[in-house]
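The chain below stands alone and is given in structure tokens; this is the form predicted alone.
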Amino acid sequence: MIKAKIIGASGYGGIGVAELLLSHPEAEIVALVGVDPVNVPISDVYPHLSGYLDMPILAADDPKAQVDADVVFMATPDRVGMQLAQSELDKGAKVIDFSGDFRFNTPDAYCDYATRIGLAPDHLAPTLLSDSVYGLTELHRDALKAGPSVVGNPGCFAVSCLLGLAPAVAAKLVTPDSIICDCKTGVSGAGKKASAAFHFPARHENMNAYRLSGHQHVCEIEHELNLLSGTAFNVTFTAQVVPMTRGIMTTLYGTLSDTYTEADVLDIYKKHYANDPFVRVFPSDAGIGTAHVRGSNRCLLMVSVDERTHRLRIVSHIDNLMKGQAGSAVQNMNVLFGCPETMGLDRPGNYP
């Protein structure tokens, strides 16, 4: 059995991993670590887990939290994982970090990311970066199979954008300076925190764009597109929050580099994802939406070519708490430990 520790267990990312591991046939949870509350059963915080997971949430300095694990999920904010990772690695664990701490594998790339979003530019564990792998499995499956020590779990918006753009960029279907990412997310994307902006009256029947001056996921999107194509990409990215709990719908636009029909692009996308169990490709008349991925690890892509404007449109749908977070983390764990990639994840979403 794969022994798993979850740090940040009481947040949305941590509880999402816990829910998935409870039904994973080759994994067991050995410790839950958090900040507030501590020393109470997690089922007191999340009653739906009563009888399924009643382990206590431990403080980080509790001796019981130092239990050895095979994998440590760090569902923690930026700059926490880089402080904790080495101690877990020294005990023989693999680390899957949910923040931006290990999404870039050079100090310079991390510095660019940190500077853009107002974090301190110095990485506190720079020697770990060269062995880290960006954990979007569909892009870096072979690197994950090699067993890196640290995985930088991708950001939710980045997952929706990169899965939607990867086939087009790899096949050079669009011009590099033309990509627009128009992203809409449910409120849970902000995490579990008290904020006037996310108070129910502020969110009900209200939509707004935010972080127009620079969103934290833009760096990883551009970085990965550059790796795919060998070309410098600068994308126009707009994040918007909509009055729903979970789900991301991203509409991606790019100017076609040649004359392609929708049938041409649909064929390219289906071939690109033929061996990826969690990505499904649909034509432009498919009746799909965020409700069809709720609770699943799938990404549903709708392909459209606007022949009048000579533009490609891809509409990407994910559950931000699953494929955008906990589901991707468990998918990465499966690959790291040689389990079938779909283990514990092969289920449809919850509809309606």
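Note that the structure is a prediction, hence the values are computed from the model and not measured. One-based numbering along the sequence shown.
What comes next is about the form predicted together with another copy of the chain, which is not displayed.
Margin query: With the distance limit set at 4.5 angstroms and only heavy atoms considered, check whether F104, T106 and L128 all reach another copy of the chain in the predicted complex.
Written below: No, none of the three is in contact.
Margin query: Looking at 59-67, 293-301, 323-331, 31-39, which stretch has residues with any non-hydrogen atom within 4.5 Å of another copy of the chain in the predicted complex?
Written below: So the stretch in question is 293-301.
Notebook entry, point to check: Using 4.5 Å between non-hydrogen atoms, is S188 touching another copy of the chain in the predicted complex?
Noted result: Flag for S188 set to yes.
Note to self: So in the predicted complex, is another copy of the chain close enough to D264 to count as touching (4.5 Å, heavy atoms)?
What the structure shows: D264: no contact with another copy of the chain in the predicted complex.
Next item on the list: Report whether the minimum heavy atom distance between E26 and another copy of the chain in the predicted complex is within 4.5 Å.
Entry: Result no; E26 lies far from another copy of the chain in the predicted complex.
Check: Does another copy of the chain come within 4.5 Å of any heavy atom of G247 in the predicted complex?
Finding: Heavy-atom contact with another copy of the chain at 4.5 Å: present for G247.
Item checked: Partner-contacting position among L89, L256, V235, A114 - heavy atom within 4.5 Å of another copy of the chain in the predicted complex -> Looking at L89, L256, V235, A114 one by one, just V235 meets the 4.5 Å heavy-atom criterion.
Next item on the list: Could you work out which of V80, A171, V242, A93 is the residue within 4.5 angstroms of another copy of the chain in the predicted complex, going by heavy atoms?
Entry: Looking at V80, A171, V242, A93 one by one, just V242 meets the 4.5 Å heavy-atom criterion.
Item checked: Within 4.5 Å of another copy of the chain in the predicted complex: residues from 42-73 (heavy atom criterion) -> Stretch hits, in order: Y46, P47, H48, L49, S50, G51, Y52.
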